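What follows are structure tokens for two forms of the same protein chain, given separately as structure 1 and structure 2.
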Structure 1
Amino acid sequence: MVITKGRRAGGRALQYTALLGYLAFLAFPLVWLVSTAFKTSREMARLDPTWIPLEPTLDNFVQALGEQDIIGAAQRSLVVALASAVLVVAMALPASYALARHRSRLNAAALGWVLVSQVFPFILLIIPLFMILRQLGLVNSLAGLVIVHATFCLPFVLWMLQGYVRGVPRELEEAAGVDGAGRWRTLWSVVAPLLAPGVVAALMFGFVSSWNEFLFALILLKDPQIQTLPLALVRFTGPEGVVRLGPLAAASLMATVPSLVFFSFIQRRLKGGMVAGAVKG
């Protein structure tokens, strides 16, 4: 009995150690970013780097805001990310319901194709998308970028949401039908609330993916006045490839704030939806 308790305690200590190591690994980039953003150029050039700035300064933030339109680029990224997230969920939700509820060989083939499409590199999509957007007059526009972001997020969101739909018992829909509810009333009043956690998770994925996306924005947006935040951050790299580390760290730190605020807000909604779904299920 003593040996068993000792093994359990040792296993638990090993688990906590692994968890702490993983958390430290995840936190390292953010801690390094915050530390660098407040350091002077002389301190960043030291051979013995410090974690806590010895002479904290806001000069990097002043330079970042003064040299690049960080606020404007962040606003454009926010609009693109929100629009992309809403658009991809609007397209994926009815399609995922149809794929999950109406089983056939065609639907199985469609799901398989969605899964296979995830292994394609993004660069394969950009040429046909660029030609389509050029025909529509949407190259070098935020609307075109929203369509592209929604397109590359759609397969994963579709796959994710059809799993949530399969988790909703059919019996609930049949019971609503017996009570006299029509098809749309059943979908809106019974199915939709139970899918809320999945919809929130899909919105979160679409927003973060679009917020961080760089390649498509680089190819599609040529006008500096409409470029998004990832492109604005690249300008802190000089033509010789020399990175201006202080302003870049300050701008990157400011760029993470909207994403963290969105995540903290929607995470509460996600937990609330999970609880509501559990009660109604």
Structure 2
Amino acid sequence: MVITKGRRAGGRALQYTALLGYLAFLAFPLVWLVSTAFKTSREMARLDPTWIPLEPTLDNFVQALGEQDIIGAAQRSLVVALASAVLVVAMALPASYALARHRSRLNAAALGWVLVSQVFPFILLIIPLFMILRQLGLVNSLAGLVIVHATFCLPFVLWMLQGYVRGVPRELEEAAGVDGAGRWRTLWSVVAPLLAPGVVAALMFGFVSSWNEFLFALILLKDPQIQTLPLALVRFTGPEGVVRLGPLAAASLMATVPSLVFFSFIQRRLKGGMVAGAVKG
């Protein structure tokens, strides 16, 4: 079957159209957030919504910044999310390697238990957890929140990473051993580059989980000076689902910047990690 240039170009155009449609779909929430953040209350309440604000205003930003410490809260959330993500990966990585490489019935049971631990509703655990953290002097501290976030994220990250470890052929490690590399050298030079995409994915998961987490932060952080972003954002909501949409959109928009920076940084590492494992040097 001969594929003509015209048909090839048509197919390409179709691909680009689909891609553009998909991008538009993905971008919609962000575009709508930006649009809403600059609208007046009257414009937001129109029956025929506008894409581009008719009378753009900064009032929502002024209100958001004036009423809540959005910038400070975003900084604290960034630090907590970064620390939680790194801590959980640091804990999960050796455990996942052990689970994946030293397989036994006990390991299967352990992995099952890890997943079961995810089904408990947080609200059941929060009171005993609170009391333990209070004994440790970690209530009302960001360190306590980091530990809690990392702990609750750990089972899923462990599950994720042991899958990545299993994806690294055991033969590569054996070949490195034959070439004279020691255990640590094998792990560092052979396994680690191949695991990099998984580690980055786990970091992303840990970061997002912690960045969005609300309930533990609400319970643990009492001092207004150390509260995180979800706590600041929820204050634009009232009883029975009533929302001050303008300031909430403005605050949310400002709050997305740190996470966008983080993801743009870590996304490059994700690509780098994929390539790094392709050739054994």
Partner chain sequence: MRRITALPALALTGVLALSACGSGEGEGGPVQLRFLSLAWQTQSIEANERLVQEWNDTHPDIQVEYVQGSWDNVNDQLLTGFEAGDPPDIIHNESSALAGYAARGYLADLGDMLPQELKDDIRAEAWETATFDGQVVGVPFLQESQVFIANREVLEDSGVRIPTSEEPWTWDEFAEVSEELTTEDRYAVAWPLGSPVNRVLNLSLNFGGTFFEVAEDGTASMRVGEQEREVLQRIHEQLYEDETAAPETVGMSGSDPLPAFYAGEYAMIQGGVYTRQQVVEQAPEDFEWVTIPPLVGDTAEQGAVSQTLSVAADSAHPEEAAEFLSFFLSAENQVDLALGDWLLPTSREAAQAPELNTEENDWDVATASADNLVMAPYLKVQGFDEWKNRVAQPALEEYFGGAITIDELAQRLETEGDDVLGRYR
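Only the largest set of C-alpha atoms that superpose within 1.5 Å between the two forms is called the rigid core. Quick note, the numbers are simply positions in structure 1, starting from 1. What you see is a predicted model, and the numbers here were worked out from it, not measured in a lab.
For the form predicted on its own, the corresponding chain is the one labelled structure 1. With the core superposed, T57 shows a C-alpha displacement below 2 Å between structure 1 and structure 2.
Annotation for W32: C-alpha shift of 2 angstroms or more between structure 1 and structure 2, rigid core superposed.
Remark: with the core as the superposition reference, the CA shift of M44 between structure 1 and structure 2 reaches 2 Å or more.
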